[in-house]
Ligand SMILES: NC(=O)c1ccc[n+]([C@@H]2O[C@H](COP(=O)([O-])OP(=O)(O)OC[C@H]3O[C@@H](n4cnc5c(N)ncnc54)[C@H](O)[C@@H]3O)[C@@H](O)[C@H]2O)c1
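Read the single chain below, which is given as structure tokens and is the form predicted alone.
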């Protein structure tokens, strides 16, 4: 760490705090823990069921941050230690969630319980003990854009007012109840409303984060290697898995949905600003994404194929992509949002944050990591004889 005193955006000295991080062992949590250990004096109480992605931070005792990160193996569903750990901390960050699209309509009850019911005690303990909360929501709370309901030849479809998503004005538009894909978005929206109400009625200090497709090393799992063989991770990990196994990339309903992607290290910079500038972050909902990295899912597949050929030295398949229906890929009850482009006005005004990394560069970083980490493991899985 630098020897010069660290100051916030208003020039005030940053005092060391204790952070209770729920879900610290996941993709976002592991990168955030790395950042906090390497660049700040803060202490982290890291709560999760698994610690594989942060093991390198926990041992050996000779690490420069030894004593500033403590792992507590617990499940927030049923652990009496949770309130005590929140009480010990100045700030709670809640990252715990089921956030894989394949689960939304196949495990809707688990999805709703994980993202709403299980989060209720966290909000309650923060409110009752006057503790600040940074809660991770999702860009899915916006649902579908207004533009998606306009005629396909309407000139209004090109008007940003109908598709750029703003924290304080954009409506949240979900599909019908039988489209259980929206179980995740609906649960996340309701916990947002509860947190906002706690702030309004009981004075709880909070910040809500809406991530827009954060991408980077350690994201998701590769089925059959570091996750269940039957699992379906999110789009980038799905495509990575296909590339590693030299299989065509599956484009759901033609891959016409549009997404923006932001590099995890850029996004973590935004979270650190929220942590260390409470006066500027409290009471706000922040989109955290990169509107400059917008592509269709089909374009993402094409770009990933090119990037993977570069980092692996392998030639592309003759048929790099195939089309599949959403029903075939995700099962009954799937629905999708059309575009997800974040408006960045509020986070730029409050925290001065802008993303830096291009889509090509973040894909190159991610696929280099995945090729190095998983290529040999994938070969072993493929070569394993099938039991008769």
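Owing to the predicted nature of the structure, the values given are computational and were not obtained by experimental measurement. Numbering follows the first chain given and starts at 1.
A second form of this protein, the form predicted together with the named molecule, is not displayed here; the remarks below concern that form.
- For residue 136, a non-hydrogen atom is located within 4.5 Å of the named molecule in the predicted complex, even though that partner is not displayed.
- Although the partner is absent here, residue 97 lies within 4.5 Å of the named molecule in the predicted complex, judged by heavy atoms.
- Using a 4.5 Å cutoff between non-hydrogen atoms, residue 124 does not count as a contact of the named molecule in the predicted complex.
- Though the partner is left out of this view, residue 77 does reach within 4.5 Å of the named molecule in the predicted complex, counting heavy atoms only.
- Distance criterion of 4.5 Å from any heavy atom to the named molecule in the predicted complex singles out 184 from the list 142, 184, 286, 263.
- For the options 36, 28, 363, 46, the one in contact with the named molecule in the predicted complex, meaning a heavy atom within 4.5 Å, is 28.
- You can rule out all but one of 275 to 283, 193 to 201, 210 to 218, 312 to 320: in the predicted complex, only 210 to 218 has residues with a heavy atom within 4.5 Å of the named molecule.
- The candidate site formed by 50, 188 and 234 is fully in contact with the named molecule in the predicted complex, as each residue has a non-hydrogen atom within 4.5 angstroms of it.
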